[in-house]
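Have a look below at one chain only, the form predicted alone, in structure tokens format.
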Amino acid sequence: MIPTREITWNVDLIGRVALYALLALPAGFLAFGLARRARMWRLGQPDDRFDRLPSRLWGALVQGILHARIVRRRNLYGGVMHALVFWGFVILFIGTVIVMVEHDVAVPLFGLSFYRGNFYLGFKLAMNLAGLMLIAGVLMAFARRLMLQPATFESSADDLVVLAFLLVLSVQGFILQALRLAVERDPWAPWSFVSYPMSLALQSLPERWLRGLHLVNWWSHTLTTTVFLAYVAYSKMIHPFTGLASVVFRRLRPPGRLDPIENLEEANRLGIAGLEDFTWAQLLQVDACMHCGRCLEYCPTFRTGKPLRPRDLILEVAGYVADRGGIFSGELGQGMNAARFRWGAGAERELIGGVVSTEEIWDCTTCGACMEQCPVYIEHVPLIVGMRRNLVLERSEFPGELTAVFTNLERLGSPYQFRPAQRADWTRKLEHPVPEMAEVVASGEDVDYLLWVGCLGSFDGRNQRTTIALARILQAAGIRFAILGREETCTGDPARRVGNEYLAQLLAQQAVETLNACQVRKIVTTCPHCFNAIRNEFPQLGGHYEVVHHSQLISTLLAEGRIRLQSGSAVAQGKVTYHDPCYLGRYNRVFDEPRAALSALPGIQLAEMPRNRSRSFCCGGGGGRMFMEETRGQRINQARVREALETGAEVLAAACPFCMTMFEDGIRGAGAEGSLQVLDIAELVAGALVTPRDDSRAAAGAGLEPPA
């Protein structure tokens, strides 16, 4: 006998016809539901997300379907749970399609049958395994919602309904198979390794009972499938479609780049204040949110008790979009997101103030931790900055501390009240002079690098020490470099991140014109915010330069032997922990070079904080927050300082002037002045440099001539 089975065993013609008639209804519901959503997305502004289609499709396969972005070590339980549910359901669905092709296409139209022999045995094995995976995943999901309840997780009645459907469908499938096997007693029944033991327990029942139970279960399974598929279009289960679409149409541009407002002077609307201000991709993304809470795992505002919770903000916007778009948003129960009217009420609400509070909008540090973790690539930061733009440019509503910042940026080219002529004052503390680019250009000479000092590195006494340390390293390595001096201005990063796009574009354009006039090709900077702006946003204005962060250049100089370090340096001993700046690490993937520079220091023991690299915890200074008072919840910088203290380190190594400022304040606030100090990588390396004077002393002690 060849292993196979009758596909519609124990089902008469009426049942077969009813099956297809019933399946047509949910298919129509699903198509209609998806079409309504797509029509709603099209209400948004244009956004080119159809470029580089091979990369988009490959990313959807790897990140979405193969779960590379979902199954992560930090959230292994949730990732494995989702993978079991997803792949169990998908394999069972594929199996159903295979059976339909055999029964309705291959046999009646072509007289061919593939549903037999080894294929059939492998098919039964795969289907039983998939059903078991689905049940295991569903039970894990129930346990997560009802017992484990992690802090970042939120569940609703809709979740429980979907899970109940999946569990019932899986169990019904196994029971159907067991009832048939109990009657037919196939020799190959053990291949159905889940249903086979069940069939053995049922074989004692009369055949007519088994057939009757099979028919009742078949009809209940068919009706359950019909109702579930119809419910998919109006529940969270729509996310396999919307989520995959969101991954396909994800941002492929550098994550640290914010798109400018085009034709700013002629724009009728500035920023995001209503449904018509979103791009179609943003409308798709908020619709794709799965409520998983991954965006909260490393979010500094959520972890320090502030109103902003990225997931809740997205759900609030999604409810608003559903209301304004005139569709039922499909969630049973309002849950924790009071601003989300899941039953379609509240379409008249204003987005800013009525749906999303201004506290949520201004609490964001733009650190990007939410976007880094989101499985469907939702872009929270551009959305928040879009609402900030509307508040600043159209309503003139922003925290009072920013008034002075805007005034200083406009008048002095810096957030601080220092004259441009003071930008080069720090060079007087060096033994060797530092030329300015105007002098270099006038003399017809050339330099290896322009040192972009930045506002903090120029004016702030604490961060000047970092600038001076870097200058000494460059001079020791024989690097020819110059600065812009009074011609340097802010890159516009603080203005852009707090929503003053007009001022940001003005400053960035001025900086690009200055750099181009000086024919600058290579730039080194200590500030990740300047680094990100020059690298990712200046090209939008015609500024194309090779820009490196000072930690990268120092690491290269050490590796090439262009600078040497002495052992026994007082500043370079003991346990050191390194903080990854958000705009250097997460946004620009510079993780290894700072650590390589620190590891090269004699006597250094590098101790990692639990949240590091792409999972680093923000210092609290990004997104303009360094210029605003932190009045809600715990202070972010103090939370990070305490994490550094727990490593036992005596030195917190920084690579960003914003982080330096925030941690100096955080150490004082945490009362840890005697336990922890903050030093930039440049300070640590400069403190251990072997200088020409050291070489001369060593040569004299050995009775040798000093090196030329």
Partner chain sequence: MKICVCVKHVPDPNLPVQVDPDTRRLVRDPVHCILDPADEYGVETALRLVMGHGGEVVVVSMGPPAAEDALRRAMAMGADRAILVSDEALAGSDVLATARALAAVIRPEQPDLVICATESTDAYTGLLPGALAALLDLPQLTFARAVTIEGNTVTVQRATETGYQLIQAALPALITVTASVGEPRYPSFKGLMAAKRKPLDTRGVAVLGVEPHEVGERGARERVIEVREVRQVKQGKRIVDDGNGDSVEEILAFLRSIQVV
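Quick caveat, the model's predicted, so the values are computed rather than measured. Numbering follows the first chain given and starts at 1.
Heads up, the form predicted in complex with its partner chain isn't pictured, but that's what we're talking about next.
**Q.** Check all three, 268, 396 and 410, heavy atom within 4.5 Å of its partner chain in the model of the complex
**A.** All of them do, each having a heavy atom within 4.5 Å of the partner.
Q.
Counting any heavy atom within 4.5 Å as contact, can you tell me which stretch out of 464-472, 414-422, 362-370, 446-454 lines its partner chain in the model of the complex?
A. In the other structure, the partner sits against 414-422.
Q) Looking in the model of the complex, any heavy atom of residue 246 within 4.5 Å of its partner chain? A) The answer is no: residue 246 has no heavy atom within 4.5 Å of its partner chain.
Q. With a 4.5 Å heavy atom cut-off, would you call residue 532 a contact of its partner chain in the model of the complex?
A. Residue-level check for residue 532: no, no contact with its partner chain.
Q. Would residue 503 count as a contact of its partner chain in the model of the complex, using a 4.5 angstroms cut-off between non-hydrogen atoms?
A. Result yes; residue 503 sits at the interface with its partner chain in the model of the complex.
Q) How about residue 392: is it within 4.5 Å of its partner chain in the model of the complex, going by heavy atoms? A) Yes, residue 392 sits close enough to its partner chain in the model of the complex that at least one of its heavy atoms falls within 4.5 Å.
Q. Which residue, 541, 264, 230, 136, has a heavy atom that falls within 4.5 Å of its partner chain in the model of the complex?
A. Partner contact (heavy atom, 4.5 Å) among the options: 264.
Q) Only one of 115, 406, 591, 188 has a non-hydrogen atom within 4.5 angstroms of its partner chain in the model of the complex; which is it? A) Of the candidates 115, 406, 591, 188, 406 is the one lying within 4.5 Å of its partner chain in the model of the complex.
Q: Sequence order please: the residues of 593-613 with a heavy atom within 4.5 Å of its partner chain in the model of the complex.
A: Contacts from 593-613: none.
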